[in-house]
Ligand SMILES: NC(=O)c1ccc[n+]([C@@H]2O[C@H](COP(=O)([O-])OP(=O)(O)OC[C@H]3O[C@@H](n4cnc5c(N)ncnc54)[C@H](O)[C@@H]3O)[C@@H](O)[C@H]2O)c1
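What follows is one chain in structure tokens, specifically the form predicted on its own.
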């Protein structure tokens, strides 16, 4: 039996990259998985990849939309009877525009990356509290700890909005507040902050010179693959971590080293 045998897990953004790696590992550990994904093409690919590996369903989900998040939880309950685990992996990253410093864009990124995790947690927590059991794993990023900011040109172009980094820092704080409230209901809330992980999104938006520079600055001089994060997610989702809550685990090969 796996460490997550017969547990029901919702994994947001599980259509590709880290989320898909989580879904595959959770199935291998005996969980039943809801692939909560906004992009149907990615979801189709994910479901084909996961076919025959366990009990998984797809639910179209926009985490920034309260009704969509609630429908995802309802679909999990209808199919599997409950929700034991929520992995808030989805984020606006694949199509992030780091050069858009407008307030409107900051609001858009915040609505997905930070508020989306809260909305999904709000939808799932009542089901978990009813059974006095739950595991919520939020996904931050090593970007939350990277305070240096590249300067382009000789003229001051205005204050950046740091949209991706500050929303991922916000997820670290959100984790602590959620953990503080939900612990009495038997629900733990923890956070994973990955370093440079070689997903298609990273390859698309992060220049090679930045990847090389950040990798060189790590203790292990290596990038990560999505599968390298799955063990930590299983740990937080399992009963082995039943007294671990409000914690953020940075998995970056030794770059940030907070604590």
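Source: prediction; values computed, not measured. Positions refer to the first chain, counted from 1.
Just so you know, the form predicted in complex with the named molecule exists too; it's not on screen, but the next bit is about it.
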{"item": "Contact of residue 196 with the named molecule in the predicted bound form (heavy atom, 4.5 Å)", "value": "yes"}
{"item": "Contact test in the predicted bound form: residue 38 vs the named molecule, heavy atoms, 4.5 Å", "value": "yes"}
{"item": "Heavy atom of residue 168 within 4.5 Å of the named molecule in the predicted bound form", "value": "yes"}
{"item": "Interface membership of residue 90, the named molecule in the predicted bound form, 4.5 Å heavy atom rule", "value": "yes"}
{"item": "Segment assignment from 134-142, 77-85, 181-189, 121-129: heavy atom within 4.5 Å of the named molecule in the predicted bound form", "value": "134-142"}
{"item": "Stretch 199-215: residues contacting the named molecule in the predicted bound form, 4.5 Å heavy atom cut-off", "value": "199, 201, 202"}
